[in-house]
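Just the one chain here, the form predicted on its own, laid out as structure tokens.
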């Protein structure tokens, strides 16, 4: 720890100006941690350097000087330029702990730069060790309580978001009793690290409406007809197969018989889910049969002959991939939750299925967690990690996942349901979601608007967009409730090895 300057006049509790010694200018960097020793009052302050500036008394921007016309005078005169900075006061160091400051540092107090974590004995509490201060190497742990108050990791491609999230996940598994479920949007960031804990999204059962919507999107030319007739067709197919009738018998039903089957009094959502899953496990989904049933249903409901024939033909031509995929379904949403609690971590590979199905799966699993809460009335201690979260948590166009994510961020803290949202664009998050995030790691951002949104719910303590543009991979500012130093700090994420 070396002495680098003195406190100047106009010191305040929150920030104080500092004059840097000439022979110490090479040691001082923006975002360096410093110690201020106030010998007059016997106080020790911890601070961080910001707004580093160089001045020359002969070249002020408010008056003209002779040196402008005769540059050679600069070489002949004494060396007058000097360097100054502001110190953002983080707190007073008392008995190894950081306390809120009660009095500003006295001018002329000595300032020392922290070059190593050994230069200061500071107890920041127990936490998840995923990062260190960039210049001093001081470990800055994440308070485990921050998990239930929700975390966001924001940065453009290449900043190291997934490595940071991976480091947090591993620390959660190693140091807490929480379980983790990861929704891997691309299937490239977390699947490789936990290959024995991966579930393919194709294996997870979804509801009839979602299957219908997926088909409608793939056959846009008759989307309206798909949306009108397909949910009823799928229901009829499911119930007909369940009665173990011959397919021909199902196809030879008259209109009254078809409508009678659909009006079964014992029908409910849970029963339909079980029936669909049973058919999937037996591999009984058949696009040709489903196309014929769609034609029957359309006729029974009064569709024109041309409409029913087109519906049948297009399902055979364009819907086969979606129908065949249903034969890969082997797990209920409840099965996924059981895996999470049993294995401590489960990764859902969402990369293969359509965006609409991805959102339904996210919503379904969150809904199931809340069902467990309602039944047990006990905290669940589960961290939900959502990669590329702007696809699921946006204000418009992310239904139905966004509504359930909003509920989780509003009410999850009481019941031990935390979220970690990783995204390139925080501006796309709905306002309700942004306002309930209490810890943020942020690096280079895509647009100035993302930075403005951060300022709305996190104290950035004077950090500007120009500072973010200089950050390298694995460098983030750590801000919010989970940061024991209270103010945003420039940290370097610890190395995460490559997957086997």
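Residue numbers count along the first chain shown, from 1. For clarity, every value in this text was computed on a predicted model and none was experimentally measured.
What follows is about the form predicted together with a small molecule, which we do not show.
Undergrad: From the candidate stretches 373-381, 353-361, 159-167, 331-339, select the single one in contact with the small molecule in the predicted complex, where contact means a heavy atom within 4.5 Å.
TA: Heavy-atom contact with the partner occurs in 159-167.
Undergrad: Just checking whether residue 473 would be counted as a contact of the small molecule in the predicted complex - the rule being heavy atoms within 4.5 angstroms.
TA: So residue 473 counts as contacting the small molecule.
Undergrad: Is there any non-hydrogen atom of residue 496 lying within 4.5 Å of the small molecule in the predicted complex?
TA: Yes, residue 496 is a contact residue.
Undergrad: If you check in the predicted complex, is residue 184 within 4.5 Å of the small molecule, heavy atoms only?
TA: Judged by the heavy-atom cut-off of 4.5 Å, residue 184 is well away from the small molecule in the predicted complex.
Undergrad: With a cut-off of 4.5 Å between heavy atoms, is residue 92 one of the residues that contacts the small molecule in the predicted complex?
TA: Looking in the predicted complex, residue contacts with the small molecule do not include residue 92, since no heavy atom lies within 4.5 Å.
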